[in-house]
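First comes one chain, alone, set out as structure tokens in the form predicted alone.
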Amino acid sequence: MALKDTLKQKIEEHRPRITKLTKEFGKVKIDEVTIDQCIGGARDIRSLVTDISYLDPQEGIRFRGKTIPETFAALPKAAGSNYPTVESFWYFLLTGDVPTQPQVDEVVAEWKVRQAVPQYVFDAVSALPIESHPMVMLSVGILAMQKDSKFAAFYNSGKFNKMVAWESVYEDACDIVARIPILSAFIYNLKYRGNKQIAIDPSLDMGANFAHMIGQSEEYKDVARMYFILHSDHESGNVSAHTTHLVHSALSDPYYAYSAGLNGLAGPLHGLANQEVLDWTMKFQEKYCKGVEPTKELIKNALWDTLNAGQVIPGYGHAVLRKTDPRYMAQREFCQNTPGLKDDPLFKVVSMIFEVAPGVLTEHGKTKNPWPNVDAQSGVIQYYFGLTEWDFYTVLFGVGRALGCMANITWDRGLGYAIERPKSVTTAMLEKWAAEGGRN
């Protein structure tokens, strides 16, 4: 059965569950909101629904119920690789089913048809000043494709039917996830390789083809596969996923929605963090290691110097997680299993910080979570393989995050979720309720 047919069956089976919850249990309370949550960015308020992934504070991310190691183990592997293809993961995100190899091959073949980026998109990106941030180029490139949106065409056709609206969202979503690595490779070559473009290799899967198009090594094909899967989704409350959901809830098509999501991803408190961690780590290495082998004692003293100077340790701590980010551990395992990388001086510093920092931060006592997040590791891998252009790291994040965002909004339309419209209150109201001990 084709992926779209399987997805249709699953959406139709899922709809009655939403209807029953709304009609029979709509008044059941599942949480309470405090003043600090209201002021502090709606942290931990349970008000979004997604079955694509769930972030447990102790366990970390689960994709469709599976942990990262379980996901990597279950999915069919790319030829000659220990990692699955991104295409197999896309099938899994959309349906919750582990695909067979023939089903993966079908998605790979479909993406080959969809991955041709129109020339006008390349022209739009090329017209920007070359100094433009690559995330600006990516957002503009995605938005430039909007004129061909199948969802927008369906809405404007006069035959719009919300029960089948998900099908045109699915078409746009598939086009976006197939094209975004091609667009991203074009941006990399435009900005950093003198516009020396490399043509698509139709024999390769998505991750391998991306590596090929930016002139990377065989080893980097697995980096791309791993990186795009690990960064795909992190519940729907993070800025990029939530922004995409919010914009699409107004029935803006997927191009509008994901362009907006990318703009959120570009923020220093979200996707930009990886390059900031790398910058800090390299300066830390230069200041404290100076060519010597990093020892626990050396790193411990250096971290205390950092904290006593009023600085933070970037890459440590997370808004939700209260343990080491499993995405960090997946990347650490890759580094340890890659000859050359495991002996790289910068990785050795990162590795030793991982061994020492949690104890130092716990003793320091000013952090709720002394464990590393995904950003503490990812930049080092890219730098080792020659992607030394830090500004591009968030583009890589954006390629992966497209998978989760597009899977989520396809299901949003499939289940007919409403436009998002939270209720605001005034400061005076909060002050009144604070004085009264709560809202009566």
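From 1 onward, residues are counted along the sequence shown. Heads up, when I say rigid core I mean the largest set of C-alphas that superpose within 1.5 Å between the two forms. Everything quoted here is computed from the prediction, not taken from an experiment.
Heads up, the form predicted in complex with a small molecule isn't pictured, but that's what we're talking about next.
Within this chain, residue 366 lines the site of the small molecule in the model of the complex, having a heavy atom no more than 4.5 Å away.
Not displayed here, the small molecule is approached by residue 374 to within 4.5 Å at the level of heavy atoms in the model of the complex. Although the partner is absent from this view, residue 393 stays clear of the small molecule in the model of the complex, with no non-hydrogen atom inside 4.5 angstroms. Although the partner is absent here, residue 318 sits close enough that one of its heavy atoms falls within 4.5 Å of the small molecule in the model of the complex. Listed residues 114, 133, 270, 147 were compared with the small molecule in the model of the complex; 270 is the one with a heavy atom within 4.5 Å.
Contact annotation: of the candidates 313, 176, 108, 289, the single residue with a non-hydrogen atom within 4.5 angstroms of the small molecule in the model of the complex is 313. If you check the small molecule in the model of the complex, you find no heavy atom from any of 17, 61 and 258 within 4.5 Å. Figure note: of the listed segments 244-252, 343-351, 163-171, 304-312, the one touching the small molecule in the model of the complex, with heavy atoms no more than 4.5 Å away, is 304-312. Residue 309: CA moves 2 Å or more between the shown form and the other one after rigid-core fitting. Annotation for residue 162: C-alpha shift under 2 angstroms between the shown form and the other one, rigid core superposed. Core-superposed comparison between the shown form and the other one: the Cα of residue 342 travels less than 2 Å.
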